[in-house]
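Just the one chain here, laid out as structure tokens, in the form predicted on its own.
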Amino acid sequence: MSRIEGYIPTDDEIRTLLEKLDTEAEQSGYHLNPDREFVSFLMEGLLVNQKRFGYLSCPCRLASGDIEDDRDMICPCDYRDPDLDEFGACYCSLYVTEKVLRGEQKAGSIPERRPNREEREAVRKKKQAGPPEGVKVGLPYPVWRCKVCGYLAARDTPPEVCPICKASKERFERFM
């Protein structure tokens, strides 16, 4: 059992989060790992991280506690889809492809895609600088991109929740 300042997630908390993520995943065309004992262990880690940091940080990565730095690894993380495409499972193996779910493919070792802190900071600064000089953006509304699934929304502000992957509005970036 995981412990953070005496916090141990209850079976009900674990079951509630698992049911929520499973429902959201299936509604969005994703699948959770069929090994429910393993998934319950991941739910426990997510709940401990939520208690510790205030957000569901991937339990398989070391979170800094700085939400801006960790935003890319809030479950579902920004790396889920590329990992699923290439390896059949995400880094922590919470999400798996249909082939893995049916037993037609085994989920194996998945290399870390997350850039180091310096690389993440360089990308963040580049995005804050805006479009390159000479590039005109003349759309009537800004375009927001979900960093988890790529969903695009043209509106004044990002949606509260991505209609595709259910990521929160903080997971959107200004795309255009």
Partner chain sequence: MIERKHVDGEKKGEILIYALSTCGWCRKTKKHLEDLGIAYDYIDVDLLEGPESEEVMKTVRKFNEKGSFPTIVINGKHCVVGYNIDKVREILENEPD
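Residue numbers count along the first chain shown, from 1. What you see is a predicted model; the values in this text were computed from it and never measured.
As for the form predicted in complex with the partner chain, it is not shown, yet the points below apply to it.
Engineer: Taking heavy atoms and a 4.5 Å cut-off, does Asp69 contact the partner chain in the predicted bound form?
Structural biologist: No, Asp69 is distant from the partner.
Engineer: My question is simply whether Gln27 lines the interface with the partner chain in the predicted bound form - judged by any non-hydrogen atom within 4.5 Å.
Structural biologist: Residue-level check for Gln27: no, no contact with the partner chain.
Engineer: My question is simply whether Tyr151 lines the interface with the partner chain in the predicted bound form - judged by any non-hydrogen atom within 4.5 Å.
Structural biologist: Result no; Tyr151 lies far from the partner chain in the predicted bound form.
Engineer: Would Tyr55 count as a contact of the partner chain in the predicted bound form, using a 4.5 angstroms cut-off between non-hydrogen atoms?
Structural biologist: No, Tyr55 stays farther than 4.5 Å from the partner chain in the predicted bound form.
Engineer: Does the trio Thr10, Thr16 and Lys51 actually contact the partner chain in the predicted bound form, every residue with a heavy atom within 4.5 Å?
Structural biologist: Zero of three within 4.5 Å in the predicted bound form.
Engineer: Just to be sure I understand the contacts: of Val100, Cys92, Cys75, Leu84, which is the one whose heavy atoms reach within 4.5 angstroms of the partner chain in the predicted bound form?
Structural biologist: The option sitting close enough to the partner is Cys92.
Engineer: Heavy atom within 4.5 Å of the partner chain in the predicted bound form: which residues of 57-91 qualify?
Structural biologist: Counting only heavy atoms within 4.5 Å of the partner chain in the predicted bound form, the contacting residues of 57-91 are Pro59, Cys60, Arg61, Leu62, Tyr91.
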